[in-house]
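Just the one chain here, laid out as structure tokens, in the form predicted alone.
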């Protein structure tokens, strides 16, 4: 099975993606992760203003199959949360790299993105 892996993002081994949008880093879970989880039924995310630390847990995603922790790809302050997911968690399944994004972080240091996987490295991991 082939999964979408946009090359303009970085990835954690735990299947979160990070998209550097200039002043913020948008975060979500990968196409592979949403497929493995099955139908997402609940998402728990931090509040705006909370701080997160690279590779530390920031939330939870619950599906019909499992509950999985979510990990931050960069450290910084949460500046936006996709509140649509609270009413429509299925957006994570429908569009994991678009409407299913989870939060945006004002990063302390964007160089942290260099410490996580490229699209090619992530593709090798899930192969």
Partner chain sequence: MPLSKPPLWDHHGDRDAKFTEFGGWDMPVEFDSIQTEHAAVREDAGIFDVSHMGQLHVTGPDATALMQRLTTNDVSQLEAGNSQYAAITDDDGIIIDDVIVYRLPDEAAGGDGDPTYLFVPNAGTDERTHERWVEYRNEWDLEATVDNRTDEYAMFAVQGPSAPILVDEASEESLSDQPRFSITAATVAGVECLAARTGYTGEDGFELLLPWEEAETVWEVFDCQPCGLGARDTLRLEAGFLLAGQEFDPESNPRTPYEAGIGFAVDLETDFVGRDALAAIDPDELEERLVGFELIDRGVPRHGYDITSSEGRVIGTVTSGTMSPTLGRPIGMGYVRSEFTEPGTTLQVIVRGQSKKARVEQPPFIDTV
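Numbering follows the first chain given and starts at 1. Since the structure is predicted, the reported quantities are computational estimates derived from the model, not experimental observations.
Beyond the structure shown, there is the form predicted together with its partner chain, which is absent from this document and is the topic of what follows.
For this session: Indicate whether the candidate residues 81, 95 and 98 are all in contact with its partner chain in the predicted bound form, with contact defined as any heavy atom within 4.5 Å.
Result: Result no, not one residue of the spot touches its partner chain.
Problem set entry | Candidate stretches 71 to 79, 98 to 106, 32 to 40, 47 to 55, one within 4.5 Å of its partner chain in the predicted bound form by heavy atom | That would be stretch 32 to 40.
Exercise. Does anything in 75 to 90 come within 4.5 Å of its partner chain in the predicted bound form by heavy atoms, and if so which residues, in order?
Worked result: Just 86.
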